[in-house]
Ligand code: GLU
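First comes one chain, alone, set out as structure tokens in the form predicted alone.
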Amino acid sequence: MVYSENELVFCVNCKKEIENIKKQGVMTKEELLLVKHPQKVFQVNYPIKKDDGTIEIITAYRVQYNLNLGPGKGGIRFHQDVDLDEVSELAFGMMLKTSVTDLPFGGAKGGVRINPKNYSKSELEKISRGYVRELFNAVGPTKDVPAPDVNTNPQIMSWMLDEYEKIAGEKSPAFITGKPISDGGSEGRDKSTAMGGFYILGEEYADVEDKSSICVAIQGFGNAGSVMAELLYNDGYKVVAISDSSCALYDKNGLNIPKILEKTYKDGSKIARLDSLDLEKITNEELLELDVDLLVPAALGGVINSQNADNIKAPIVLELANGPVLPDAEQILEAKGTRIIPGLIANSGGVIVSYFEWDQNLKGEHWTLEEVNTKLKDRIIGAFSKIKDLAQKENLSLRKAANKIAIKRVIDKADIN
């Protein structure tokens, strides 16, 4: 499984992920040895004073899994279940993602073991600033560049940037990405995950003149899923099903995505409350098993597993979420001829535009939305084409080809005395 910077995901121990790739036959024993362990691991414990005057010790992590390709790159999540195994797994995934998209970054990830709902805004600011103070010497524009992840956002990135610049004694916007535009953030970052996946689908269906002939089901209507639904609808695809955590909506003739977005954005309604639209409601599980041309899991990981893989009918599955197709399910789907576009490339738009933000900051530039999207399309399609070419040449699945390319690029840059 591979993870994006801003979505809750299904996590497993990093050793299991490495074992899964090992089984794919894309690594030699020597290569396995070189990526088996993270290069640098940090655990810090620091105090904050809460609003009521009490002292609490905060536990936080940063894992720089591999820096062969450049500074570390990866988000910081705030979650009560964060631990070193999870952060290591996420950092390993970021190593693969930055590598396969040919970015000048290594893989890293961070986490703070808190439930942010239990803290006030001022307390979250103290936690954010404390994280930077504790790890100041390990991070920076040429060392490790953090970003948002689960339960973190542009405001938290802004606090962290301000703390870093106070300690450094100079402006350094390239220290962190996912910032507000006013602090040096990039145009297009908010929609970049879905936009990258949309560009890949444009390649997949390049020969289809009538996009309305392609029926699509999208599980998940958060940031990535809702943007993808809107992009596909506007491009003429027939989006027949969408869902959030409450339920799924289905119409074999196609959903009116703009109307649904208007309703959900206007009052924050869950899909289950959109009774005025008079649409058929089904379960998330039923959505996955619809007879459609394209299935886009855009919610949590692990939703396609050995229990339901036999019932998946879509010939193409694009992983907009992270790790939605488990390894045992993938074997079943591959045996049926299902084409899986792995999240390693399908949802890499977020980290690509994070790279653009870092690049703009270093150069003192600010690109237009059109420039960002053009560069995103060129990079993600270029990376996807290499994956497809290798898959065809060596008769590999897209996932195996992506992993092989990513691992080789990391290994080729290894500094061995």
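Superpose the two forms; the largest set of C-alphas matching within 1.5 Å is the rigid core. Residue numbers run from 1 along the displayed sequence. Note that the structure is a prediction, hence the values are computed from the model and not measured.
What follows is about the form predicted together with the ligand, which we do not show.
Peer 1: Would you check, heavy atoms only and a 4.5 Å threshold, whether residue 351 touches the ligand in the model of the complex?
Peer 2: Yes, residue 351 is a contact residue.
Peer 1: Even though the ligand is not shown here, does residue 197 get within 4.5 Å of it in the model of the complex, heavy atoms only?
Peer 2: No.
Peer 1: At the 4.5 Å heavy atom threshold, is residue 342 in contact with the ligand in the model of the complex?
Peer 2: Close contact is absent here: in the model of the complex, residue 342 is far from the ligand, nothing within 4.5 Å, heavy atoms only.
Peer 1: Spell out, yes or no, whether the shortest heavy atom distance between residue 243 and the ligand in the model of the complex is within 4.5 Å.
Peer 2: Result no; residue 243 lies far from the ligand in the model of the complex.
Peer 1: Can you say which of 343 to 351, 208 to 216, 323 to 331, 284 to 292 gets within 4.5 Å of the ligand in the model of the complex, counting heavy atoms only?
Peer 2: Careful reading of the contacts points to 343 to 351.
Peer 1: Considering non-hydrogen atoms and a 4.5 Å limit, which listed residue (147, 255, 135, 161) is close to the ligand in the model of the complex?
Peer 2: Only one listed residue qualifies here, and that residue is 147.
Peer 1: If you look in the model of the complex, which residues in 68 to 84 sit within 4.5 Å of the ligand (heavy atoms)?
Peer 2: Those in contact are 73, 74, 75.
Peer 1: Do you see a C-alpha shift of 2 Å or more at residue 153 between this form and the one not shown, with the core held fixed?
Peer 2: Yes, shifts by 2 Å or more.
Peer 1: So with the core overlaid, does the Cα of residue 78 end up 2 Å or more away between this form and the one not shown?
Peer 2: The answer is yes; the displacement is at least 2 Å.
Peer 1: After superposing the rigid core, is the C-alpha displacement of residue 62 2 Å or more between this form and the one not shown?
Peer 2: After core superposition, the displacement of the residue 62 C-alpha between this form and the one not shown reaches the 2 Å mark, so yes.
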